[in-house]
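Consider the single chain below, provided in C-alpha cells and representing the form predicted alone.
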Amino acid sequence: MSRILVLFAHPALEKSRVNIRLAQAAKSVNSLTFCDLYESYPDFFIDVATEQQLLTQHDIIVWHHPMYWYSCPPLLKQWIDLVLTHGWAYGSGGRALEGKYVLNAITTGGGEMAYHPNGFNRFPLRQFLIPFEQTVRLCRMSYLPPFVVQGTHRMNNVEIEAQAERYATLLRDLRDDKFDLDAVGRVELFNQLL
C-alpha cells in the first residue's frame, strides 16, 4: 500500500464548486494525508522542516490546484521554492525524495479544446506543466501524468460528482498499488486510465 500526500492549494476556494468537491473526495480516501496549504499557511510562512518530514513519510505526492495563470497558485509555488531545498531535495547530496512519485491534479475553467494548438490558450495542457515535471525530475522523483478536470465553469452538479468520484477512485487505486507507476507515463493524462 502506497502512502499518499495531497498538497491542496486554492486561494479562493469559496468560489470553486469543483475544487471544494474534489477536496472532499480526496479527504474521504482512507489512509491518505490531505494538507490544505492555504488553511495551514494563511500568512505564507511555510514550516519547511514539517513539510520536508511529511514528504519523507509518503510515497506519492499530489499537487492539487487549479490552473492559475498557466501555473499554480502562489502559495504552492512558494512551497516548492522553499521546501525543495538544495542539498536535501536536489543537488549535491540531495536525495531525500529519490524514488517518490508526483502528479498534478488540476482543474481548468476552459474546456479541453482551449488547451490545443488551435485553441484559445495555443498550447496543449501538458506543455504548461513542464516546469512541474522538470522540478520533479531534478529531485530524482518520477512525474506521473496529471489528473485533469477541464471546463469547470460549465459543469453541472452531476458532472462535478462524477469527476469527484473519478478522483477518489484514482487516489484509492494509487494507494492500493493498482497501477504500474513506471508504465503509466505512456498516457497523456491519468484520466485515460480510469
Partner chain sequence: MQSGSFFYIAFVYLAAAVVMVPLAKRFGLGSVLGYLLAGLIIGPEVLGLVGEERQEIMHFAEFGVVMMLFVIGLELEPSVLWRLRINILGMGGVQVVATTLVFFTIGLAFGLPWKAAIAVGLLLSLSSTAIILQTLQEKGLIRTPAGQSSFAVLLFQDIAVIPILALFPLLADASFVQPVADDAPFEQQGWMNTLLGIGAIAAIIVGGKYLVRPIFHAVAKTKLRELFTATALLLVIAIELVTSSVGLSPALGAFLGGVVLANSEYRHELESDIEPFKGLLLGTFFISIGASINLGFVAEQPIFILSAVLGVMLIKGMILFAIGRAFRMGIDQNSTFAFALCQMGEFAFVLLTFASRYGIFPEELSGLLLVITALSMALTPLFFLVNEKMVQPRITAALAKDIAPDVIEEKNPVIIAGFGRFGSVVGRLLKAKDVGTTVLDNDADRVELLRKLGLKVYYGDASRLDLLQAAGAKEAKLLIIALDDPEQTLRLVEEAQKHFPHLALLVRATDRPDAYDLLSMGVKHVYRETLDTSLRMGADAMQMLGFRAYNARNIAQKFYEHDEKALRDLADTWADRNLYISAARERIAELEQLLRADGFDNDLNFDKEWDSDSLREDVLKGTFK
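Positions refer to the first chain, counted from 1. Predicted, not measured: the structure shown is a model, and the values here were computed from it.
Beyond what is shown, the protein has a form predicted together with the partner chain; the following relates to that form.
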Quiz prompt | All of His65, Phe147 and Phe179 within 4.5 Å of the partner chain in the predicted bound form, heavy atom check | solution = no
Quiz item: With the partner removed from view, which of 52 to 60, 124 to 132, 150 to 158, 137 to 145 is the stretch that lies within 4.5 Å of the partner chain in the predicted bound form, judged by heavy atom distances?
Solution: 150 to 158
Quiz item: So in the predicted bound form, does any heavy atom of Arg172 sit within 4.5 Å of the partner chain?
Solution: no
Practice problem: Look up in the predicted bound form whether Arg186 has a non-hydrogen atom within 4.5 angstroms of the partner chain, and give yes or no. | Solution: no
Quiz item: Quick one: does Asp47 come within 4.5 Å of the partner chain in the predicted bound form, counting heavy atoms only?
Solution: no
Practice problem: Flag Asp36 as yes or no: does it have a non-hydrogen atom within 4.5 angstroms of any non-hydrogen atom of the partner chain in the predicted bound form? | Solution: yes
Exercise. Using the arrangement in the predicted bound form, list in sequence order the residues of 1 to 29 with any heavy atom within 4.5 angstroms of the partner chain.
Key: His10, Pro11, Ala12, Leu13, Glu14, Lys15, Arg17
